[in-house]
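Shown next are two forms of a single protein chain, provided one at a time as structure tokens under the names structure 1 and structure 2.
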Structure 1
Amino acid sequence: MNAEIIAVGSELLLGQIVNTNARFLSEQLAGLGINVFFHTVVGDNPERLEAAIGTAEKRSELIIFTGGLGPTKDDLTKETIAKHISKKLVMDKQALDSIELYFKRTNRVMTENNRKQALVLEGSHVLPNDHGMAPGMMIEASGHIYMLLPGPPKEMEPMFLNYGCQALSGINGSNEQIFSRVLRYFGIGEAALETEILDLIDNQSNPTIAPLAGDGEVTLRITAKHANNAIASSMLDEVEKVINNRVGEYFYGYDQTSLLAELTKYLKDNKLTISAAESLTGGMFQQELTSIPGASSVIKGGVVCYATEIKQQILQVKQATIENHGVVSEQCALELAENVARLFSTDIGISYTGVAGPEELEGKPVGTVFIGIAVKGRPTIVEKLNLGGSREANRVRSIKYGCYYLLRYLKESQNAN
């Protein structure tokens, strides 16, 4: 099946926002084995939208629309499609109830045009909106499948994951449903991971295995088709086990998680506190950790020790360390991690020192990074990285490595106890 994604919204054509919905849906559809051959963006204009639908119908079987489901006059996606495929719009009781509840809950007055959002294409499969008001819908007509999703990513993404995937699984007329799971890996390259499981990828059928794009990480989407949820789930368990027998040491979590989220969860569950001494990363570790609501039970704070004198005066790195080893050194990372933990009275101290670039430092090349990890009651460890990217990429990757090494060390400690 070939798919096309049509984003509706003049704000996209004015360059006010970027079309992240197309990226998200493309990645999801690739994981489901559906080819996406075109993306189109069209403004809030019924004639041009209808022309774009006509073009899409000539080349694609599945047409997914994002945007234009809101309450204002500008929002005309479903009206235009209704006219184009000669369907009526009817009030969906459940969607209307949910909109009324939404207004009640947020203590706002519901205006008449909000009722418009509960109108759906007659005979369509309605996709509930758990994070907003406008429901999505899917309908088949004259050989095409039309799926309508809201524009805001925070509404669209969970709607597609929770209801859209399932709805697509019914379209072949079978009662099979699609169930998928994302496995996340760190510390191994995409090519290396693929090599390890190449025979599994080559011989896949059901479940399928698809490596996905990963921002410095590697992810695998495993997808099973079956009429029965429990059976599909055990099929996924089985293939996950086979995969992780080979590359399990790099596996760190499922679906939408991140290394920072896993670290935060681990620290919370184990009632551990952390502080950080950041030179290379200039506060990025702490900024990211504190971006998670409720971080205050885990992170007490830390020091950004950008200047050498701050490493000495505030974080008490020894003069001899800096003279003999430099600030980008194993010894300096070790003292920074231990001293920040002591100064901030935390169970864990983590430190980042290195050469972000673009210039080398102390004769050490760009991308040289030392991460110190001090855990109460355990020997302090220092990990060295040799990264090769841009200044920003080196900082971002260092943060991820720090989370990864720290989590690994904490779990080793736990297992040793």
Structure 2
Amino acid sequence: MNAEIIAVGSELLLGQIVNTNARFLSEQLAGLGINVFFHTVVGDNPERLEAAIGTAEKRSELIIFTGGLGPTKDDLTKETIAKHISKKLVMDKQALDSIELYFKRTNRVMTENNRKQALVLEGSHVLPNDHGMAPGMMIEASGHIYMLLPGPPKEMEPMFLNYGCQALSGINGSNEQIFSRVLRYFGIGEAALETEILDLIDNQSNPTIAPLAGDGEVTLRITAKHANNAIASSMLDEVEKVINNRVGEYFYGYDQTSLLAELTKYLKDNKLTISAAESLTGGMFQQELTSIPGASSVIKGGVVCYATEIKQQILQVKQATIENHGVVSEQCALELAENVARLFSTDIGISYTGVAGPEELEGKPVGTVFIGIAVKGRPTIVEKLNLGGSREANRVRSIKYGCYYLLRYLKESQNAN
């Protein structure tokens, strides 16, 4: 079965809100073995909505609508669909009772237009709304299945999980499910990674391989279809092994993890502590690291050393280092990393210094970055980057590279022992 998701709401087209519903539904439908080939967004206009429905019917058996089920005049999804499939709207007593009870419980006056939310397509399977007022519904007509869901994610998501999934189970005519796994890579570009596995992509069938680049890293989504969970998992294991035999040196984790999360886990597992000296990144590394649950056991603190005098007075970078090499230098990054680890009594010190932009500094171009890594009992290393991008992008990518280089150095040191 092929599905299409139609999000209704002018606020989506105006960019006032983001269409997270489509992402959520696509993920859920994949787990049911239902293919989603199109996402459509249409404003609060009955003519345009009806045209969108007509287009969707030509290419999809299942059409899921989100939004437009509320009490106001611009909420017109079910009215438009009712007209399109020649069905009446009837009052659902259970939904109406629930709406009336809500207003009574909150001691508010219920206006007449709120009754509109309890209208459903005649003959439809009603989906209760446990977190709002307007119920959802599903109906089959003229060889198509139409599912209507509310727009607010806090209402739509639990409605689909609790009632929509069950309503759709079995209608696909197949017990196959779709199983996906995301492989995450850093330190290699999308084009370079694709080149390494191009023959695998060209010859893919089941499982499939889909590259995706974003925020300075690359992910591969590998997807298998099978009725048996264990067999599907084995299929994914096999293709993952083949891929990582070629590009495994850049692999760092699965699914929704991040470099910062992987770094935090490694430090926790090995009972290591870290401190940071941040010039270029202005505290972003510490901010991002402390957003990870469990970070309190690994990070002791750090210094935002944006000004040269702070590098000297607080982090004790030598005057000669600054005079001879400058603050954007390998030597400065090395002293910052070693000194912050010593001052905070941590196992690891990491430092960031460089030129974020928009202008060059000390004769060095925008995107020049030095990352110092001091690990107790190991030689201090400094990694140099030559990034090209906006000021914000350079800072974000520097943090990721710092995590990547530190993880790599720690694992290499562990293997050496």
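The structure presented is a predicted model; accordingly, all values stated were derived computationally and were not measured. Numbering runs along the sequence of structure 1, starting at 1. Take the two forms, superpose them, and find the largest set of C-alpha atoms that agree within 1.5 Å; that set is the rigid core.
Participant: Decide which single structure shows the form predicted together with a further copy of the same chain, answering 1 or 2.
Facilitator: Pick structure 1 here.
Participant: Once both forms sit on the same rigid core, is the C-alpha displacement of E383 at or above 2 Å between structures 1 and 2?
Facilitator: No.
Participant: Establish whether a shift of 2 Å or more occurs at the C-alpha of K268 between structures 1 and 2, with the two forms superposed on the rigid core.
Facilitator: Shift at K268: below 2 Å after core fit.
Participant: Rigid core fitted, is the C-alpha displacement of Y404 between structures 1 and 2 2 Å or more?
Facilitator: For Y404, whose C-alpha is compared between structures 1 and 2 after core superposition, the shift is less than 2 Å.
Participant: Looking at N162, what is the CA displacement between structures 1 and 2 after core superposition, in angstrom?
Facilitator: Its C-alpha position differs by 12.3 Å.
Participant: Keeping the rigid core fixed, what distance in angstrom separates the two C-alpha positions of G54 between structures 1 and 2?
Facilitator: C-alpha shift for G54: 6.1 Å.
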